[in-house]
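Only one chain is included here, represented as structure tokens and corresponding to the form predicted alone.
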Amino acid sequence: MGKRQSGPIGRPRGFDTDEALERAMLVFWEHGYEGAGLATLTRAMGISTTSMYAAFGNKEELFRKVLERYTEGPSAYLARALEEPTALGVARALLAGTVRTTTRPAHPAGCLGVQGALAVSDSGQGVRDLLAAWRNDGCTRVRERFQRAVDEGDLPPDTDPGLLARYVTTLAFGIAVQAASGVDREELRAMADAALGNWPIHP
């Protein structure tokens, strides 16, 4: 009979997938995809590299799971904003959510979906494309909501929903970049208010 292994193999006892994903999200959020090394990730997650691969796949697969968590958690303000009764309410809620999420004291500044992989090597192209698609999906959802606002008479009939959606989401992404650069919450809120000062209205 072979000698029994004394140490744990694979996942450590008490391994919490949710907690590990949360910690990985914070590492990617702070350091970006390529800046987050495996040693930093596994140390933050409290597991070995072997356990990480067994539970989540490779680094890119882990990032995809983290982005899903980010979308359903910190970035869930987009879905809530789209439920606002007016297009202006949608825009205000979206920008307010961006300011709030990108400047939270207990979290990294900025937005995982914006600066997670803007500049990457060849090995990170898949993640860069993933985040570009994530941002475009957000813009598409806002455009569809603004199209509904035009159809319902909330926005003037000559409003271009696609252009207006691109304007609002570009503002949101710009806020995230400014937040990551250290611009404070109050200044970002004032900027968002000023940017919506020329909102299209019925003549």
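What you see is a predicted model, and the numbers here were worked out from it, not measured in a lab. The first residue of the shown sequence is 1; numbering continues from there.
The form predicted together with another copy of the chain exists for this protein as well; it is not shown, and the discussion that follows is about that form.
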Report the residue, out of Thr50, Thr140, Asn58, Thr170, that has at least one non-hydrogen atom within 4.5 angstroms of another copy of the chain in the predicted bound form.
-> Thr170
Complete contact of Glu34, Gln115 and Ile175 with another copy of the chain in the predicted bound form (any heavy atom, 4.5 Å) | yes
Which of 50-58, 160-168, 147-155, 66-74 lies within 4.5 Å of another copy of the chain in the predicted bound form, heavy atoms considered? The stretch 160-168
Wondering, does Arg128 line up within 4.5 Å of another copy of the chain in the predicted bound form on heavy atoms?
-> yes
Do Val183 and another copy of the chain come within 4.5 Å of each other in the predicted bound form, heavy atoms counted?
-> yes
Leu21: touches another copy of the chain in the predicted bound form, heavy atom cutoff 4.5 angstroms | no
Even though another copy of the chain is not shown here, does Ala79 get within 4.5 Å of it in the predicted bound form, heavy atoms only?
-> no
